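So this first bit is one chain, no partners, the form predicted alone, shown in structure tokens.
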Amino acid sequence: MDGAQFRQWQALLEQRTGVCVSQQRQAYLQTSLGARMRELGIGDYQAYYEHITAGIDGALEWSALIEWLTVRETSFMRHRASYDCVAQFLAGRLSGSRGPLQLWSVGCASGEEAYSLAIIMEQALAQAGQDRRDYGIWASDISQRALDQARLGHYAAGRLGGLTGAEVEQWLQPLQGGQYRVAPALRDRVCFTRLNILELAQAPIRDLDIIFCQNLLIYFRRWRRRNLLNQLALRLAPGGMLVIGPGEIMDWNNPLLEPVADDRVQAYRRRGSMECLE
């Protein structure tokens, strides 16, 4: 892949997914494309580019290629402090008389983040003495393969590192071969759906109590990070909270939001409260 071909692929990926592949990651891009090209028997990057940008066959192949390019490694409770922040927020949110709570895991990959939120939610409900309270978790990602794994809910022991022993025992069932299965009580609370983050404006998800979006924005340019965060802010219910990865963006503010006073995390509350609207 020469410089011109790299820039061509770089522009296509950013246009269709928002992901910006830096010059330093050219080797990663070549490796990922090359693996798929070998499966198809295509030996030239330019020929593959022309194939993937032409007609219905190209659109179908693009969907297949996405599975090679968007796999992100993650784990349960990857940044525990962020989940502790969610738990503290829920303790206050559950004291009100509102209806079902809604959470959203944006860029959920293979599901560990969404199920971690479900565990925190269940713990908060138990502590508040509201075991039967309804809630739902939306979980979205661009990769269908990742979503299929998430729905299955099977994970290797190495993915459970952020959980305590008690949490593993309560919410995951051991399987053969060092695998674990998420308890049905958690799986039933999560709705996994395919979504390209660039199509966020068309997503019907609104009035959310918590939006959790970590380790996704780092792949985008700064201006796009700001735009996406501004859109997410509009999806929060009054008093709702947005949690992103620490340091993912440092020069952004939104008049709808105020920072959460916790140096361990990067989180924001939407101004106002549900009580103000009643």
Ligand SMILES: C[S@@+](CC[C@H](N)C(=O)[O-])C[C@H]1O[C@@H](n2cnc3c(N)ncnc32)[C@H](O)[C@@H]1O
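A quick note: this is a predicted structure, and the numbers were derived from the prediction, not measured. In this text, residue numbers run from 1 along the sequence as written.
There is another form of this protein, the form predicted together with the ligand, and it is not shown here; the text below is about that form.
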{"query": "Contact test in the model of the complex: Asp188 vs the ligand, heavy atoms, 4.5 Å", "finding": "no"}
{"query": "In the model of the complex, Gln149 touching the ligand (heavy atom, 4.5 Å)", "finding": "no"}
{"query": "Gln130 within 4.5 Å of the ligand in the model of the complex, heavy atoms", "finding": "no"}
{"query": "Distance check, Asn196 to the ligand in the model of the complex, heavy atom within 4.5 Å", "finding": "yes"}
{"query": "Proximity to the ligand in the model of the complex, single hit among Ala109, Leu103, Leu90, Leu172 (heavy atom within 4.5 Å)", "finding": "Ala109"}
{"query": "Candidate stretches 177-185, 196-204, 162-170, 122-130, one within 4.5 Å of the ligand in the model of the complex by heavy atom", "finding": "196-204"}
{"query": "All of Ser143, Gln214 and Phe220 with a heavy atom within 4.5 Å of the ligand in the model of the complex", "finding": "yes"}
{"query": "Within 4.5 Å of the ligand in the model of the complex: residues from 16-55 (heavy atom criterion)", "finding": "Thr17, Val19"}
